[in-house]
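One chain comes next, on its own, written as structure tokens: the form predicted on its own.
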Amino acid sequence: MGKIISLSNQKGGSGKTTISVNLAVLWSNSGYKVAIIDADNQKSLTYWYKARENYYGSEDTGIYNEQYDSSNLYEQTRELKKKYDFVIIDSPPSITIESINIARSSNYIFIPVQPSPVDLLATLPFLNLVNKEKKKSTIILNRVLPRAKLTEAMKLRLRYAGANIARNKISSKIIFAETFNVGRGVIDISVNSRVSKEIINLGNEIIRKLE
């Protein structure tokens, strides 16, 4: 039985889509059967997938793009679990009935957060929602700059709010945007680069949490 994971946060620009596509590429290249669902009205994930089809051809993306069924998401995801090892949902940046339904339909929720006071304050209400729904969740610190003291301060505040924080964080590198624009992930370029190792380590950590 496959797993439904959602990348969610009410704060826009947290990096949900970038992490979603790079995890999808990692797991697909590792031999897993992976599907993505774009539930965000901005449709950045759909843009990325179309660019991937243009780059590799529509039959060779390695990833399946499933349409978002907002009216019947729970039944949809229950069926998708039978077809795929992982289904990754890119959630809308808001707290609405849609984001609540996505949370309820997910086996695990991952919450990307940039290390800034604004992002921290915007994340806490969503974290409270996830806790009320009694769903398993983990914070992923994203676009982290080296030697940023604020990151450690944020960790303390998040832990105080009851958050589980991933051991592996994602750095702020232009290669993420460059590969995204052409429908690729950093793993597609090189598995040995520093940023690829970040994605590999995060992906392995997530798999352990899903076991």
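These numbers come from a predicted model, not from an experiment. Don't overthink the numbering: it's just position in the shown sequence, from 1.
In what follows, reference is made to the form predicted in complex with a small molecule, a form of this protein that is not presented.
- The small molecule in the predicted bound form is approached by A177, whose closest heavy atom lies within 4.5 angstroms of it.
- In the predicted bound form, no heavy atom of K33 sits within 4.5 Å of the small molecule.
- Interface membership of R143, defined by any non-hydrogen atom within 4.5 Å of the small molecule in the predicted bound form, is confirmed.
- Interface membership of R159, defined by any non-hydrogen atom within 4.5 Å of the small molecule in the predicted bound form, is ruled out.
- Of the residues N29, T61, S171, N65, just one reaches the small molecule in the predicted bound form with a heavy atom at 4.5 Å or closer; this is S171.
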